[in-house]
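A single chain, nothing else alongside it, follows as structure tokens in the form predicted alone.
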């Protein structure tokens, strides 16, 4: 009988391998992992989790990627001869780069994870540039000391590239966040040109980039270009929950330009992702963008009730599909504030709370620009 479960697990693995990153792929691999664990097959469990980290990372389940990686890292520490740490170094970057997005993970745990990856990379005499980027992004996104954030930014860009450095497309996209953080809109658009023109790309670029550039282009008054970024970009991210925060970028742009019906369509389609998305950061960014859209509806008195086809999983679900804008907005804001409180308490800063307040400034920037 022993062979039967192995054949079944292998069949699940084969089915998963033929699929793109998706919920289905993650579920198949999780089921195979459960079978391997139930039969005490540690080697197979390790190999399956190796694939699961990939599928979960690029399919919008960063929490599942973290759990799978933590298990593998534990096996490596127990038996480094059997499970070579070098085999997962690249994926360790993905996981460590996102642990700050879970407010229940403490600052010490985040610091320990950064120290651990630095030590792992040092053993193969590589990865210094990648570790500096991770440290820079972590402190920046937590709202830490600006001087230290700027020091790490400069150190990251000055460090030499090696085989553990992210691809040029990812690094270039990550650099844009720094300029946008500082309101350097022209610099962001100029630096992004190789991505926008298709000369530099990868699995997630330009998907992320086109969403990131919406606000800079809007701020510069280049609404035609921003609209083009929206048209090109949204289709790239619409079917993968890994891009929940980027969908939020698109909703914000649509609200800023008065395209409320289109914004509501996006909100309706993707709201369910926020209900169980592992990244509380991405949930937050989507919710704040959706709240801004609903604020614009209230400000323009365009309509008091919106008809939306929302899943029964939505806590405020209404069978008739009619939702009061004011009540829907209150729910979005309550969820966003709850997440902001958790992050700001953990981080010891006010970064997330200030992001909610940013909506008040955005309301002063609205420019009507109807899309086709």
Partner chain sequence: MDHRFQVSLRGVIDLLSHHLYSSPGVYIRELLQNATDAIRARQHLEPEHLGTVRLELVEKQDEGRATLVFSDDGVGLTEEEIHRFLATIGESSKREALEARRKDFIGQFGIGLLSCFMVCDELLLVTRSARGDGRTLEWRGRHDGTYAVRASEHPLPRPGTQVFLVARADMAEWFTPERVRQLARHYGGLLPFPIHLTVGGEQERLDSDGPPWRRQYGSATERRKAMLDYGREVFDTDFIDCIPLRSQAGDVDGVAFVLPASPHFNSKQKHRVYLKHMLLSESAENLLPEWAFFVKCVVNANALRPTASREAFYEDGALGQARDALGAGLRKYLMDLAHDDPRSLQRLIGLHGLSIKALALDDDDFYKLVIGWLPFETSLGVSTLADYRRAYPVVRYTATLEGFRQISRVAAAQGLCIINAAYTHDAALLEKLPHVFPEAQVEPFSAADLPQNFEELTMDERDAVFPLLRTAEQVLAPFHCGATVKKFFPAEVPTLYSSDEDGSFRRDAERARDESDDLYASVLENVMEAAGSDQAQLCFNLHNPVVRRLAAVSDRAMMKLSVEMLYVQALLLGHHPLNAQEMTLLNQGLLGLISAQLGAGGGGGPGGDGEDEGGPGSRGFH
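On a predicted model such as this, the values are computed, not experimentally measured, just so you know. Residue numbers count along the first chain shown, from 1.
The same protein has a further form, the form predicted together with its partner chain, not shown here; the description that follows concerns it.
The closest non-hydrogen atom of residue 349 lies beyond 4.5 Å of its partner chain in the predicted complex. Residue 74 belongs to the set of residues with a heavy atom inside 4.5 Å of its partner chain in the predicted complex. The shortest heavy atom separation between residue 31 and its partner chain in the predicted complex is within 4.5 Å. Using a 4.5 angstroms threshold between heavy atoms, residue 92 counts as touching its partner chain in the predicted complex. Proximity to its partner chain in the predicted complex holds for all of 15, 96 and 109, with the criterion being a heavy atom within 4.5 Å. Contacts to its partner chain in the predicted complex (heavy atom within 4.5 Å) from stretch 35-60: 35, 37, 38, 49.
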